[in-house]
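As structure tokens, one chain now follows by itself in the form predicted alone.
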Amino acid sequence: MKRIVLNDKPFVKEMETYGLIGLVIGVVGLGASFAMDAHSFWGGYLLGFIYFMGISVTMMFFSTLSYLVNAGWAVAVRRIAELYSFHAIWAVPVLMLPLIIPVLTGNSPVYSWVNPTDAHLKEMLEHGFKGVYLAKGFFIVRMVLYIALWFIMNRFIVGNSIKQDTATDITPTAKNWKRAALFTIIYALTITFISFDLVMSLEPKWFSTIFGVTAFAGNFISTCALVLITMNALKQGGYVKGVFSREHYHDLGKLMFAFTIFWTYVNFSQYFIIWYANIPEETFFYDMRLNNGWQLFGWGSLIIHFVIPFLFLIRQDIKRTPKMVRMGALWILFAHFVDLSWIILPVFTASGGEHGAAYHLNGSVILAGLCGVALNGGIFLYIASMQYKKYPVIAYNDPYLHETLEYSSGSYDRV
């Protein structure tokens, strides 16, 4: 198979253009938000950061998982995920700084546990395990550790995948087969604990042992959705003729369908256990988010993130039709935004970010959330466009390439 590098093809130019447009909209919108309501600004910035940080890191896991299980079918789409993952090592460390530097200085506009004013929270931090875990120095150390581990993960997994393109044997791939199990564990631990650190700690009195799993579920289904959307764009542009079959669309569609159910399962499990126990230290999280307008996002997420994707993706013919399954993928990216908005933004509608005040839904925080996603999405796409210019979009020298090219239930399945 020939080497397919997009260089300055329209696909890359459009990605770069959309990235710059998102960046401009994000900067202008968040700038206006900061001038009008600094609290909403921080909510929007955090939402956009978490949205694309989670996806870019999970892109590396997508590649790692394909090596772990020797998924030959995934060779055709694996490089798409790998090229998106560079955002995790180029942009995430820089974009994280506005969130962690104020923690170090002791005056965070995001995390109320840094300089608490609530007496109960002070006591909890002084005498409980949370005080040790949320110690400023330990918090910063964990952030540095996450970045370092992701850099190593990208360097070895993605780096070896790219090295295989010009290798004369399968040594780079063989190394990934050996290391994939370790990096799967590293991904699981880092995505879990960073969700605790940057998202769950917005409510420092609250806790949920399953929160990291819910974060993984949302990130993985969104990652599959973005890979499928990109795959379809490459196919429509005529850059990868004969590479993708309906089986590739079907498999990604099945993953989205399966993780739609898994996302619902873990979120319902979290809700049901907290509802049944009825402990005030746990129930306030849902109480605050199912009142004062936020119930529109809460119950709406059940419909948007489960009911509609479930009923749409359950059909086999839809999963095997590129244009139709792409619609489902776009919807899932929107559903992920709604879910994260419901979790993150209510905190920034209460004075000081403490849960003692009511969380009232307002338009300014939603607008800030959209601008935050535009800003981080613009950076995400722009960095990706640079990688698509530089590296082949298909792993053309992979030892399983023949398997992915033959992955079809018939010649008519080539799209």
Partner chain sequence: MQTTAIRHEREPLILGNPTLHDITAKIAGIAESKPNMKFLTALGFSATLMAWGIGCILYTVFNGIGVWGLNNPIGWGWDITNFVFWVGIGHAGTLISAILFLFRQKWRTAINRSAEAMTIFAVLNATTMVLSHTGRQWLFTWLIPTPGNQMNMWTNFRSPLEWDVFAVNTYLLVSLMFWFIGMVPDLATMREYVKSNIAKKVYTIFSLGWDGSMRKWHHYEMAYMILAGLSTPLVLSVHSVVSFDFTVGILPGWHTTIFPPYFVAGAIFSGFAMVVTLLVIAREILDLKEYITLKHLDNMNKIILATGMMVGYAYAMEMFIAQYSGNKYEGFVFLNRATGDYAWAYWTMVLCNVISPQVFWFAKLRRSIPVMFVISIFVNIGMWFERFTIISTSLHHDFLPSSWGYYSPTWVEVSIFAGTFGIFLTLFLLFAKFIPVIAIAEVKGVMPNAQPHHHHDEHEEH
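Keep in mind that this is a model prediction, so the values were computed, not measured. Positions refer to the first chain, counted from 1.
From this point on, the text means the form predicted in complex with its partner chain, which you will not see here.
- Tyr265 is the sole member of Tyr265, Trp299, Phe334, Phe151 with a non-hydrogen atom lying within 4.5 angstroms of its partner chain in the predicted bound form.
- Interface residue among Ser222, Ser341, Ser245, Gln164, judged by heavy atoms within 4.5 Å of its partner chain in the predicted bound form: Gln164.
- With the partner left out here, its partner chain still marks one of 223 to 231, 97 to 105, 326 to 334, 125 to 133 in the predicted bound form; by a 4.5 Å heavy atom cut-off that stretch is 125 to 133.
- Looking at Asp287, you'd find every heavy atom of it more than 4.5 angstroms from its partner chain in the predicted bound form.
- Its partner chain in the predicted bound form is approached by Leu405, whose closest heavy atom lies within 4.5 angstroms of it.
- Not displayed here, its partner chain is kept clear of Asp317 by more than 4.5 Å at the level of heavy atoms in the predicted bound form.
- Contact check for Pro399: a non-hydrogen atom falls within 4.5 Å of its partner chain in the predicted bound form.
- Applying a 4.5 Å heavy atom cutoff to its partner chain in the predicted bound form picks out Gln164, Ala167, Thr168, Asp169, Ile170, Trp177 from 141 to 178, in order along the sequence.
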